[in-house]
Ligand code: 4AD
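Listed next as structure tokens is one chain, alone, in the form predicted on its own.
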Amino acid sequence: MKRTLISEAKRNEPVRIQGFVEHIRNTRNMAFLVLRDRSGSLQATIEKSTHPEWNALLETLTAESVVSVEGTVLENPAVKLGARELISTAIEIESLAAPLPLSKNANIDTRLDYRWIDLRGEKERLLFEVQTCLVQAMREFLLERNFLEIHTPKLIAAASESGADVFEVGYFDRKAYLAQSPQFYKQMAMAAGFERIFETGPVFRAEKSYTNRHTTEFTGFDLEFSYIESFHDVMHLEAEMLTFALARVQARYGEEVERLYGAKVIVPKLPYPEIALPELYRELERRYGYHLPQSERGDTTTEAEQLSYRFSMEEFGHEFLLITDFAAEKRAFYHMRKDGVPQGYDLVWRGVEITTGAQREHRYDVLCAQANERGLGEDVKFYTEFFRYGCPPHGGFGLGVDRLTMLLLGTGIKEAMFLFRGPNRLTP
């Protein structure tokens, strides 16, 4: 008999259910097993007098063992799990589980040691269902607008950002680096005339950060597109994409997210509010007494990002805030500048930066000059060559999928990833 998912099991029809044993109640005359698969849970009822040959098996059966149970699903109002039960006619242990090494209230680091067990819960599965829906919706949004999906190399010959915070690896007789982003290759695709591309893939950052939002490896969602008029085109595309994706998540999982995470999936209205960084600092000082020396106001701080959420909600009634006009020395060398001001932005959601986006410098001579200004000329020569033979004006941005998930559900970054990687975590 073929396997039937619990959610698809029909009443009064024979089925074969396969899954984990979530709970066991073994009494003198009856045994009750709560079975769990990816689609839900179901009670299997065993009348021991009818099947005395199963007594030894039931005595050895442990929680989280994997079993196959055959029988017929009947309606039973007394059963809490959907008012139905599986009257069992056959049972087989596929895999007998040892006693579990962690409890439900274990701390996060212990849970990460046994992540494959920690992920078995309904709440944890929902996180990845939401994440799948989110990424699928963003991909769908872009495909409908004629974007191509590409996959760029993660082993590269030169650091892809500033030269710092990269993992160095041995590559035969020379050094290589793990890519901090697909930035250089996204732009190569623009020089190739692809015009519109996106990518979902791993990103590596050698930062010794121990916060609830930083990780040394994460999944990035990046895009780049050509023939833009300004970085505002990039901002508007991102806002439309995120609103589209969050609407899809809200429609499909909003009720479950609120039930299991206590969080509301809010679909943001368009357009997103926008403010220049100098103006933001003036507002934060005027409203909340937050003061930074002028020399430190070229970039946002963690506290400023947190306060910007409060400001945006009070001023605009919006969870998202686009921040522009950063100092040139705080932005990457490949950002286009106008009157010395980088033509880019950060997007802050619920007090956390989720995006840096910009119009890129596509003019070969200007780009080389800005690279030399940072002392990167020779290191990024392979990259500047992309622009030597003609390249359209373009821009793009990158999003962290794990950070998006974290903010959407109100978890820490360690819970928002399948397997967390940090300065002190390289296993399992």
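All of these numbers come straight from a predicted model, not from anything done at the bench. Quick note: we count residues from 1 along the sequence shown, nothing fancier.
Keep in mind that the form predicted in complex with the ligand is not shown, yet the notes after this line are about it.
Within this chain, L307 is remote from the site of the ligand in the predicted bound form, having no heavy atom within 4.5 Å. Taking the partner from the other structure, the ligand in the predicted bound form has no heavy atom within 4.5 Å of any heavy atom of Y383.
In the predicted bound form, the ligand sits within 4.5 Å of a heavy atom belonging to K186. Contact check for V21: every heavy atom lies farther than 4.5 Å from the ligand in the predicted bound form. Heavy atoms within 4.5 Å of the ligand in the predicted bound form map, among the stretches 282-290, 82-90, 145-153, 211-219, onto 211-219 alone. Listed residues L178, L322, I354, A245 were compared with the ligand in the predicted bound form; I354 is the one with a heavy atom within 4.5 Å. Of all the residues from 389-420, those having a non-hydrogen atom no more than 4.5 Å from the ligand in the predicted bound form are G396, F397, G398, L399, G400, R403, I413.
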